[in-house]
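The chain that follows stands alone, in the form predicted on its own, written as C-alpha cells.
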C-alpha cells in the first residue's frame, strides 16, 4: 500500500540519532498510531516500548534483534516484527523509507 488514507499527521518531525532517522507520526481513525520516515545510511540501535512492525517501503537494510547473533536482510515490500521493551540494530547502506506500525 503506497498511500495511507484518513489520518491526522503530526506537523513536528521526530528526529533521532543526529538526523540519521526522521519521521512523522500518523494517528488513524481507529486510534492506532504509525510513523512514516526515512533512515539515512548508518548503523543504529532502537529501543522499543510497544511491539512494532517495521515495513520497508524503499531501500535495503540488515536487522539484528536483541538476543540474536544473526543479521537478517530486508528490502522493499518486506517487514519485520519487534517485541515490546526490547531493542534492535539496523544497518542501512542506502536511504531506507519505512512505515512503523505500533501495537
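Numbering follows the first chain given and starts at 1. It should be emphasised that the depicted structure is a prediction, and the values quoted were computed from it without experimental measurement.
Although not depicted, the form predicted together with a further copy of the same chain is the subject of the following passage.
### Task
Tell me whether 50, 60 and 84, taken together, all sit within 4.5 Å of a further copy of the same chain in the model of the complex, counting heavy atoms only.
No, none of the three is in contact.
### Query
Any chance residue 66 has a heavy atom within 4.5 Å of a further copy of the same chain in the model of the complex?
The answer is no: residue 66 has no heavy atom within 4.5 Å of a further copy of the same chain.
### Message
If we define contact as a non-hydrogen atom of the residue within 4.5 angstroms of the partner, is residue 99 a contact of a further copy of the same chain in the model of the complex?
### Response
Result yes; residue 99 sits at the interface with a further copy of the same chain in the model of the complex.
### Message
Considering non-hydrogen atoms and a 4.5 Å limit, does a further copy of the same chain approach residue 40 in the model of the complex?
### Response
Answer yes; at least one heavy atom of residue 40 falls within 4.5 Å of a further copy of the same chain in the model of the complex.
### Query
With the partner left out of view, is residue 54 within 4.5 angstroms of a further copy of the same chain in the model of the complex by any non-hydrogen atom?
Answer no; every heavy atom of residue 54 is more than 4.5 Å from a further copy of the same chain in the model of the complex.
### Residues within 4.5 Å of a further copy of the same chain in the model of the complex, restricted to 21-38 and counted by heavy atom
Heavy-atom contacts to a further copy of the same chain in the model of the complex: 22, 24, 26, 27, 36, 37, 38.
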